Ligand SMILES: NC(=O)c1ccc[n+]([C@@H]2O[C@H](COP(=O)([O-])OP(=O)(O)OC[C@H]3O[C@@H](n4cnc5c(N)ncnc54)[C@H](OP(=O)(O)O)[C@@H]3O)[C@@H](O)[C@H]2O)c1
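A single chain, nothing else alongside it, follows as structure tokens in the form predicted alone.
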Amino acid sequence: MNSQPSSLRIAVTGAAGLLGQALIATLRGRGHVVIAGVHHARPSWPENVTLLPLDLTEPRSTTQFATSAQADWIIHAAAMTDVDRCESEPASAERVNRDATRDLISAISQTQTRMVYLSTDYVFDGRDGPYSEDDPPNPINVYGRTKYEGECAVREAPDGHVIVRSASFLGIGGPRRPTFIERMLQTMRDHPPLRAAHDQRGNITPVDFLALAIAELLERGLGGVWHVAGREIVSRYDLAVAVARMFDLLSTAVARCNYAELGRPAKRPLNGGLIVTKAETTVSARCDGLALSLRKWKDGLADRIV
């Protein structure tokens, strides 16, 4: 298979999600044929995007999607990402994050289709971050474990597949599916103070930047493991303060705390983060930096929240 064709046939799981939508827009803008895996069709899908049914909880549906797509690449962006829900529903997390990945890999094992698997910084324990691609994973919650088990399924397949680890997406969610940073803002404005952990640190990643980097990786046929995220590593508290200042909220809108005080069901990697040097020196996609990315995010909210 030509590693740098002018146009590729690319299937995307999780097409209705924040990253999925960014991927579809980016890939279409670069002239690729896009197949979207969807659980429920909706009238607002872009033209020239082929829709295929996909239910990751059903092995037959997952296999049929991979077979029918006949894609050069499958970008597997779908996942059960609610960390606390994964902790309370481990069987569901295993089915979606681990088993569906195995099903997809099995379905394409005898074809020329290659996979980009979206993973997470939560595969690390957060004791001594930030982490490079060569550091050994050691997940401390169900979400991280099931995503790492998905990684293992990809690693056990023949060479040529890609694992992209990223962290904390920055983008504009749908009215019924706000992103974590939009929920932070809503709490600060409507029900202050927002309690934000000063001891939980990680990268913040604009989804448009991530989609562009993924597109370049697959266009160039680059395999292996890649960390793609915003370079800056910040605490949840510092992020919340930056957002509060951006929206001219009072300092009392944010309350500093330890992560343990939040009483969440799942542990989080605290001293975490991803080292992104490998990607920065290889692909041309660049993150604008957290401050500029936040300003762009704020501008994007103008018609909905602000």
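Note that residue numbering begins at 1 and tracks the sequence as displayed. Since this is a predicted model, take the numbers as computed values, not measurements.
What comes next is about the form predicted together with the named molecule, which is not displayed.
Interface residue remark: residue 19 is counted as part of the site for the named molecule in the predicted bound form, having a heavy atom within 4.5 Å.
Remark: residue 39 counts among the residues lining the named molecule in the predicted bound form, judged by a heavy atom distance of 4.5 Å or less. When the named molecule is considered in the predicted bound form, residue 148 lies well away from it, no heavy atom lying within 4.5 Å.
Contact annotation for residue 57: at least one heavy atom lies within 4.5 Å of the named molecule in the predicted bound form.
Checked against the named molecule in the predicted bound form, the candidates 196, 86, 79, 218 yield a single residue with a heavy atom inside 4.5 Å, and that residue is 79.
Checking 123, 167, 212, 115 against the named molecule in the predicted bound form, a heavy atom within 4.5 Å turns up for just one residue: 167. Residues of just one listed stretch (168 to 176, 128 to 136, 183 to 191, 150 to 158) have heavy atoms within 4.5 Å of the named molecule in the predicted bound form: 168 to 176.
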